[in-house]
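First comes one chain, alone, set out as structure tokens in the form predicted alone.
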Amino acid sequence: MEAINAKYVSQKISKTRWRPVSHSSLQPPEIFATGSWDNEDNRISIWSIGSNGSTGMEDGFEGDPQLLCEHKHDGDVLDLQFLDQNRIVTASSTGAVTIFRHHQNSQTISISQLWARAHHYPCDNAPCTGVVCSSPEIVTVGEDGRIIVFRADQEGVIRVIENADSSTIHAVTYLRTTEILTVNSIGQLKLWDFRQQSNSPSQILSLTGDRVPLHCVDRHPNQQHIVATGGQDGMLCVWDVRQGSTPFSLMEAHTAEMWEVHFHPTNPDHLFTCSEDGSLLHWETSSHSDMPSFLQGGRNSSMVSRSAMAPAGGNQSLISAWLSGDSSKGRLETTHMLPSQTLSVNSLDVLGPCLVCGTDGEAIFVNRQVLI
């Protein structure tokens, strides 16, 4: 078990995100944001794990996350992303999309822009369930089945795909600059190409058999055709969006809903998942071949891999460790990263050697020495 700092914060934490670190900086991240849910007054908060200010604090020891500032948030924070170093975008259960600005000189937060009821039903609000940013562009999805594109420098809405889905869209991420991926409550992964004026997805992939709701999605940072999803059954699914319409492999991960999945942004042989079952898993592939490693599958005592066969005539050297079930060429190891606990781990984020997660146990856990 790696050394972890726990901070109890008197609110259920729904989202945790590191502030981006500039590419030129070799320093690990120091600032992260959290959002809360299911509290009387929900908040977004900015925290520091930097050394300034943490010595001499009466209520904490060196390295404890220190609260820098916070702001009331209307509704549950259902997603939260940094737009840039100073701005944070939130998705609310009220259907609103909000840009908050962090003023670093005064350590205050203010609302910079608000799109109230961006997601809605005819007579009621519809929760905004997911947001992804590529400054200045912001894309949101919601329970209403809409996909909405905003720009941070414009008040209006840039584009709406009204009936993108007949079911709830649970999460969204970029596949490439002009393409996004969404996952929904009937086990579908959809690709959308914003270069096309069509309001239909360019591709639909889906789970076979039971239509298990998918809750989260992330794409491999270097091999963008590789996508990981997690859903209500706790399984980790790996997809190759270049071929096939079903997952390439399914791995037993958690005993309850998987809420988030994240490839490590600079070392994607490592992947992290968190769940309603109170666990946070670190997945690591170690490859013994010349293949790029994260598609190689494998087995251990807690995992079953049901990988599809490699495509006939496929270029084997390009099949990375996630997409091959041959455990002689590589293996996948999982490590539990939190002490045993029962309440849901709702969110995680990893950047450099640092990982942060938030729980329904009203705690934030920070690990600054993730072994990657």
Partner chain sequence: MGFAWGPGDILVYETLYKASGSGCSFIHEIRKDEDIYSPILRKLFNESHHIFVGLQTIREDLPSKSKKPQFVSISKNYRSVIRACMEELQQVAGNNIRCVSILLAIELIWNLCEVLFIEAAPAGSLLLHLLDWVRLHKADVDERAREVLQSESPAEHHDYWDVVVSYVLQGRLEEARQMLVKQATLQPAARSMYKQMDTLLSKMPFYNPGGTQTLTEFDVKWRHWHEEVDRSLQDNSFASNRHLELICKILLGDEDTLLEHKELLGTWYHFLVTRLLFCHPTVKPTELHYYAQSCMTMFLDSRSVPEPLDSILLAAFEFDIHQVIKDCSIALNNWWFVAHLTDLLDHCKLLQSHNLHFGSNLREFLLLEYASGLFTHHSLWQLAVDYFDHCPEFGRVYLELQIERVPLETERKALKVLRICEQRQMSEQVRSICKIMAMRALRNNRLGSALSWSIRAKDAAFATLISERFLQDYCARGTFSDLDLIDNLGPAMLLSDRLTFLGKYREFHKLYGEKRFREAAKLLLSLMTAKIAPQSFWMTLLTDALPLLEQKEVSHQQTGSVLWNLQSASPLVFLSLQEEDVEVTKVELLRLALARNLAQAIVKEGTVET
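What you are looking at is a predicted structure, and each value in this text was computed from that prediction instead of being measured. Numbering follows the first chain given and starts at 1.
The same protein has a further form, the form predicted together with the partner chain, not shown here; the description that follows concerns it.
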Contact with the partner chain in the predicted complex, heavy atom within 4.5 Å, among Asp240, Glu257, Asp218, Asp269 goes to Glu257
Ok, Thr173, Asn222, Thr246, Ser167: which has a heavy atom sitting within 4.5 Å of the partner chain in the predicted complex? Ser167
Which of these stretches, 151-159, 83-91, 107-115, 122-130, has heavy atoms within 4.5 Å of the partner chain in the predicted complex? 122-130
Taking the partner chain as it sits in the predicted complex, is Ser340 in contact with it (heavy atom to heavy atom, 4.5 Å or less)? yes
Residue-level question: is His264 within 4.5 Å of the partner chain in the predicted complex, judged on heavy atoms? no
Given that the partner chain is not shown alongside this chain, does Glu276 nevertheless sit within 4.5 Å of it in the predicted complex, heavy atom to heavy atom? yes
Hey, in the predicted complex, does His71 get a heavy atom within 4.5 angstroms of the partner chain? no
What residues in 209-236 sit within 4.5 Å of the partner chain in the predicted complex, counting heavy atoms only? Gly209, Asp210, Arg211, His215, Gln232
